[in-house]
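Shown next as structure tokens: one chain only, the form predicted on its own.
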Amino acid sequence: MTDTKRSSQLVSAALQAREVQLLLLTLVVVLIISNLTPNFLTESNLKSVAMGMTYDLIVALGMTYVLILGGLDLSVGSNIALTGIITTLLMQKGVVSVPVAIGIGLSVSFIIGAINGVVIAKFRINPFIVTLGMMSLARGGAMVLTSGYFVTGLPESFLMIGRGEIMGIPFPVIAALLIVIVFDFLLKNWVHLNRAFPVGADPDNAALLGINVNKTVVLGFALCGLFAGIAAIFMCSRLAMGYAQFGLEIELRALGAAVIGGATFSGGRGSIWGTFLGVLLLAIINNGFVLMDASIYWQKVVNGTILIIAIATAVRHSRIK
């Protein structure tokens, strides 16, 4: 085989990779938007895009993992709301210190995800039904605790988590990128996370290989809940309040980004960096609409269209599989 032919095959294989396709598509969108509005490539706007996608990215990582397991989690947005309310109420009333309040909040988010996982794994109930019920339960709990009012008066040390910067880069952005890198490494190399792929592809076969399927599913949903909790901490810190309406529709954006990134509803497939690029693409498109002063209703139309196309593609791929 000649060097030219080998190089051609390598290029062809690279172009077929979902991440490469997404990266190229994102670059095309960047070029289009930057030509339509000169403010897009400014430092302040790029920082705004990065900060704006942080919450969706963290949640989408957890969503990617449960999709790999062959499930989905519709309760992540409500998890954000309840975790944020519990954390901020504890700090507002001075019941505990900031670190302890954050620890309790993250424990709540982890438990919410674990409950989802236990019910799904033990009782073999469809993840859609279980997490839909949890979505209502958690959102209702957040409303009951606050009667719909904001929780303010939070300690300055807590606000610095979401508002601090290192070399001009916000803490949440740095944390989100570190989570992406670490989670991608662990998913590929740590057996306890890597088991999600065979479990999602064929649970019965995974069980024959000696994998504890139920334990893997519970861990996956618990991690998804924990990621929602992390997003809640950053969101409440950045906005200096807890609010029962935080996280609305974030589950749809996370689901869309994960599917765009290569995850499928049949399980066994998913890419952390693909999800990252999916979130980035949606964030850039939304930012373009804002800069061009386009109607928010058109933003929803475009986002909905992208989501439908992504889901249709995933379903079609699953059937081919």
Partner chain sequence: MVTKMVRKLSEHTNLGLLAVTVGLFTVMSIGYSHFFTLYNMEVIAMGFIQEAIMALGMTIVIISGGIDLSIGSVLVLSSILVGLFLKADLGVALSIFLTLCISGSIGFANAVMINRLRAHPFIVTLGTMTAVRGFALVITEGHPVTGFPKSFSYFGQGYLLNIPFPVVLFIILAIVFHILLRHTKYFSQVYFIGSNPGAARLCGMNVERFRWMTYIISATLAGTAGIITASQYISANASFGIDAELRVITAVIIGGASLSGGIGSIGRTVLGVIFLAIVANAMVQAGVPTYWEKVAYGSMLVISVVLEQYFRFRRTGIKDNWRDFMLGGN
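All figures in this text were calculated on a predicted structure; none of them were measured in a lab. Residue numbers count along the first chain shown, from 1.
The protein also exists as the form predicted together with its partner chain; that form is not presented, and the subsequent description refers to it.
Shown without its partner, this chain lists L159, A175, I104, V119 as candidates; in the model of the complex, only V119 has a non-hydrogen atom within 4.5 angstroms of its partner chain. Scanning L252, L41, L36, L27 against its partner chain in the model of the complex with a 4.5 Å heavy atom cut-off leaves one residue, L252. Mapping the unseen interface onto this chain, L61 falls outside it, with no heavy atom inside 4.5 Å of its partner chain in the model of the complex. Taking the partner from elsewhere, G141 is found to have a heavy atom lying within 4.5 Å of its partner chain in the model of the complex. Its partner chain in the model of the complex is not approached by Q92, whose heavy atoms all lie more than 4.5 angstroms from it.
Although the partner is absent here, N194 is not a contact residue: none of its heavy atoms lies within 4.5 angstroms of its partner chain in the model of the complex. Heavy atoms within 4.5 Å of its partner chain in the model of the complex are found in one stretch of 94-102, 212-220, 160-168, 228-236, which is 212-220.
With contact defined as any non-hydrogen atom lying within 4.5 angstroms of its partner chain in the model of the complex, the contacting residues in 60-85 are L69, G70, G71, L72, L74, given in sequence order.
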